[in-house]
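Single chain ahead, by itself, as structure tokens, in the form predicted alone.
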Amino acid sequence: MKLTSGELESGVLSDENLESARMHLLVRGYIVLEGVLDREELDGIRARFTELLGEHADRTDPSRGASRYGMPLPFTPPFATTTVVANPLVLGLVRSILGDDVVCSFFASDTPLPGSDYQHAHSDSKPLFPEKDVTVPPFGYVVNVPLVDFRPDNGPLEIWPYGTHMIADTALIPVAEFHDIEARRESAVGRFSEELGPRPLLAEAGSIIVRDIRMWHRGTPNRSTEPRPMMSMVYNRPWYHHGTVEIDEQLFGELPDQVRTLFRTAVLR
């Protein structure tokens, strides 16, 4: 979705764009808000991220498949700025569906390096209930921030929109377990996901992707010569927790009110 200069300056989507974005999230399962972060801020984030990724890769094995790292991020600048973690355009959209008491329970990143491979199709959330015939309203959205352009050659996400976020049968929901990826791809659900056919999620750096936490997706091979970094957050209803965000207690006290409210369930260190 292309945003107007007025929307970017005010941090508020027009009534028309808000309604359109809501329909995209509720029906397609995702929306891409274009050009939200400016290039100067993005350059600072990417430079610091590159340093941390190098250090992390030196001491840690890949965690999400071959040459693919899920790396926690420190809740400090340049990552934890209001424009990134509490962007008013994103929050206004998410809160219009999940309610004003939304919290952020996940703050990390996902980066395929050259040599990465396909993941299996998976949802980022396990079913909330064991029943096989219950489709619940949205309860969480993953917010991804591409730090470089997502191109066909550098391992963009692939997604299965229009319905995989609303599947009720728990036996048909592929979970995010990254051991035995090949076996999961060859399972009945894995083969069916290939038949359905995913679509690549291409986006420019500085865009913000919002997607239903339940929607099927996967990482793809990075055939370029550089990492494809992406920040990841999860905004959800307050009774659901996707993970744990750790924040320095003194820093937390210095955060703007709207950020403290959003991260009120964080663990203070």
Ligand SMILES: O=C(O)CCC(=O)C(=O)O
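In this text, residue numbers run from 1 along the sequence as written. Note that the structure is a prediction, hence the values are computed from the model and not measured.
The same protein has a further form, the form predicted together with this ligand, not shown here; the description that follows concerns it.
Residue contact check for R64: one or more of its heavy atoms lie within 4.5 Å of this ligand in the predicted complex. For the chain shown alone, P227 is not a contact residue for this ligand in the predicted complex, no non-hydrogen atom being within 4.5 angstroms. When contacts are judged by a 4.5 Å heavy atom cut-off, L157 counts as touching this ligand in the predicted complex. Interface membership of G29, defined by any non-hydrogen atom within 4.5 Å of this ligand in the predicted complex, is ruled out. Just one of S105, S125, Q119, T164 comes within 4.5 Å of this ligand in the predicted complex, counting any heavy atom, and that one is Q119. The chain is drawn here without this ligand; in the predicted complex, the stretch among 186-194, 95-103, 111-119, 74-82 whose residues come within 4.5 Å of it by any heavy atom is 111-119.
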